[in-house]
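One chain is shown next in structure tokens, namely the form predicted on its own.
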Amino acid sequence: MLKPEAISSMVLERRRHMHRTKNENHPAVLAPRIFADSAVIEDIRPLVEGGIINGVTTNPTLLKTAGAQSWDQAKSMMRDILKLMRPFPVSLELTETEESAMLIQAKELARLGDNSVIKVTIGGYRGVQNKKNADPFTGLKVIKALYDSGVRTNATLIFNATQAFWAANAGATYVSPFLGRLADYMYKNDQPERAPGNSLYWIEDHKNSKKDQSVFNSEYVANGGSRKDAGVRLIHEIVTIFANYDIRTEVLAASIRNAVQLTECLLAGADILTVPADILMSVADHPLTDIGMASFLNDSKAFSEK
């Protein structure tokens, strides 16, 4: 578990320079923002009207789950969400994988609303394009081109600190580390005879003579605690690196699975937390609060007029 004493004072100093949605007199003026990770407008509406969220993230999976069966339907749903959330940002993900087509689609999505943010996958293009000469830097090139055009971007599917750094270097407005999926990968791919986290980090000999080393993440992320904490340690690592170099790209914690992870991401120094709507609906709940509320209400009956 990430301990509070592990947090650098530089993280607070970094927060002082970051985006704010509250006025200077608000007691939580430096607090991170909360986005809803959803494409269901009926779930989003009460959250924005209640002042719980100030942004939304979507993706093709969420749009499909919300009922979109065509690209035109998806665009209509995205347009409605943008209108509801204005002026707060809404991340809209590209579905094209070729650089030229991605830039055309990005402009199409940007025209849906002036609060749109274009979600660009950081890597994986060689696999999906299935070409020997596929460009591994497609995502970074698109982020840079959109930055040069004044279009805000959200670099998504971030799983290590170098991906986050290069996305920021290309001009990304946000980087989205997916903390929940890191734990899933480790539980599925770790070799049980080795230390936990070996599927992300394993160096047995310095020459790598067996060609079996795993260096997808730093040892801190992969082996610095239990598997379930790997994503939170990644966020802490990215925030620390960004603080070291005064990088203003915001760290948007994604793939959150439960309410406790909200606390862990806050400890890690995330700038933004994007959270499924059902988890956001439960943030004020706790069994002891329920018991206490029932007790107070029962005792208050003694004061009722007779």
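From 1 onward, residues are counted along the sequence shown. Computed from a predicted model, the values in this text were never measured in an experiment.
Not pictured, yet referred to below: the form predicted together with erythose-4-phosphate.
Under a 4.5 angstroms non-hydrogen atom cutoff, erythose-4-phosphate in the predicted complex has residue 178 among its neighbouring residues. erythose-4-phosphate in the predicted complex is approached by residue 37, whose closest heavy atom lies within 4.5 angstroms of it. Although the partner is absent here, residue 119 sits close enough that one of its heavy atoms falls within 4.5 Å of erythose-4-phosphate in the predicted complex. Contact annotation for residue 59: at least one heavy atom lies within 4.5 Å of erythose-4-phosphate in the predicted complex. Annotated contact segment (heavy atom within 4.5 Å of erythose-4-phosphate in the predicted complex): 255-263, selected among 64-72, 238-246, 39-47, 255-263.
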